[in-house]
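Take a look at this one chain, the form predicted alone, written out in structure tokens.
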């Protein structure tokens, strides 16, 4: 084992809190921490070399896919040997350090079956899926339609004579496009298609379709393949899928809610949105995991920034400064740290709320469904946007070396870049949340019932009249004051939007609904402001709830949430000054407070990333190694490049093929020079 860089040793000795306590909080308590450490130990690359990530940047896409299958097989062996399932299995997959195919099967395919199939159907399909006797994908998105699910074109026509559905792709744009695991891995798919009975269109429903038969050959009428190289996730086989009059039995329509009888009678669910439960689950998963991806990138950047030294050397002082001592770099990285820990609280809150909703649905109560759909949509958009913006900052913070694949950061960026698009484009999701808020405010304004999570809108007049009376940093960042400030702002711009819509609708040819198209920017801004309010509310409530249990980490987490809140106030200071909720002196206090937060966080920075206990294999980074031996790792990693390995064997790639002709001027022979 290599010696740890002395600069990192010194930094680790100066952290103000015990790392163990922060790890316990991140992992969910002593028992969960013990279990997660055990799960991570099962991925020891010394015992399971196939799980190594070190050379993945040097292998072509087809071999990368096969390598992922080999890893998948090993993970299945580990799962079966130790009877790992549920959240533990998801954590194990996440801890491999790269996207894994089983996530698509276990997080999308199986939950769709569980959420949309009848009890009788589940008895048949779930054992097959959980035993990996079949492998499934979630095929909703089409070449011509993504977020607008209602306009999907694939059809499922009921055939009375044979008691079957005929699945068909009537147009090029009806081709299923993007499903992960579809191109080469999946044997089955849950596909979303328009249910047609006797010529009547009953809208989009879900069906299970077998794609491949003997020797994995696509079945007749099925055209399936790979959509090609992508920005990231290139070990995952995202695919296309076209159907030409493919027949399936009637009982392969998912019939927990909507049903079609033998004589072709259709019965509808009590609440239409329950059929989109998988999308909601996937969005909540993205909210929960948003802090994880950002924490990985920050772990790399902060460790590197404590080893890297640049500038401030003079004639009298030959020692360069540790780059993390520069204020602007702290501003870049510590703002991202504040996002990590704020979103960690949000993820826990969203998960708890969803569990309450699922329990209600199982009891036939769908009263929270609309709330969950709206909140998960808006939070998915906000969280993934915040993380994506921060990841770009982190690459810049690492300078030129951050641009290297061996830094590990480009891979995190590549794989995360899909998040603002997948499971609903963020712009569309924010518009959905914004429209939900418009409806809730209209109800409150007219004395009608409002959703439980927006109960305070009934007091919108009082909220709009409030102004901050705080005079100090401590008062301004009091948890209740933070919540009041953001509630005031999002309520104010929501009220303004309603007023503008009412005025605009008087002259709009499509009336009130048509006027909304002229205020899309405002609707998105309202959605973001509301989701920031949820974020800061859930973070503060979550932090206060652990004040006693995790007393040693409470102070630094309080600083991080204060920093997150203060950055938001400064970013939108013009809005808060516009109606005098805050005054110019308040803004000065926030500006100074942000700088003081950076100073407080600086000595604890290494502890805030070490406590996630990412293994070196999980980070797969020369810059983010636990031992801090960055430059040795960069050099050794470069030597693994195939062109360097070839040179060691006396093979000089490109020389015999092209360069020799150029250097010897052989390429000029036979060329007749033209004369002007």
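Residue numbers count along the first chain shown, from 1. What you see is a predicted model, and the numbers here were worked out from it, not measured in a lab.
The form predicted together with another copy of the chain is left out here; the points below concern that form.
Novice: Would residue 643 show up as a contact with another copy of the chain in the predicted complex if we use heavy atoms at 4.5 Å?
Specialist: Yes - in the predicted complex, heavy atoms of residue 643 and another copy of the chain come within 4.5 Å of each other.
Novice: Do residue 349 and another copy of the chain come within 4.5 Å of each other in the predicted complex, heavy atoms counted?
Specialist: It does not: once another copy of the chain is placed as it appears in the predicted complex, residue 349 has no heavy atom within 4.5 Å of it.
Novice: Test of understanding: in the predicted complex, would residue 77 fall inside 4.5 Å of another copy of the chain by heavy atoms?
Specialist: The answer is yes: residue 77 has a heavy atom within 4.5 Å of another copy of the chain.
Novice: Though only this chain appears here, would residue 577 touch another copy of the chain in the predicted complex if you measure heavy atom gaps against 4.5 Å?
Specialist: Taking the distances in the predicted complex, the answer for residue 577 is yes, it comes within 4.5 Å of another copy of the chain.
Novice: Thinking of another copy of the chain in the predicted complex, which stretch from 351-359, 318-326, 201-209, 474-482 has heavy atoms inside 4.5 Å of it?
Specialist: Heavy-atom contact with the partner occurs in 318-326.
Novice: Identify whether another copy of the chain in the predicted complex is within 4.5 Å of every residue in the set 36, 106 and 590, based on non-hydrogen atoms.
Specialist: The answer is no; none of 36, 106 and 590 reaches another copy of the chain.
Novice: Only one of 100, 524, 344, 368 comes within 4.5 Å of another copy of the chain in the predicted complex by heavy atoms, so just point that one out.
Specialist: Partner contact (heavy atom, 4.5 Å) among the options: 524.
Novice: What is the one choice in 490, 250, 242, 373 with a heavy atom within 4.5 Å of another copy of the chain in the predicted complex?
Specialist: Of 490, 250, 242, 373, the residue with a heavy atom within 4.5 Å of another copy of the chain in the predicted complex is 242.
Novice: At 4.5 Å, heavy atom to heavy atom, what parts of 632-652 sit next to another copy of the chain in the predicted complex? List them in sequence order, or say none.
Specialist: Heavy-atom contacts to another copy of the chain in the predicted complex: 632, 634, 635, 638, 639, 641, 642, 643, 644, 647, 652.
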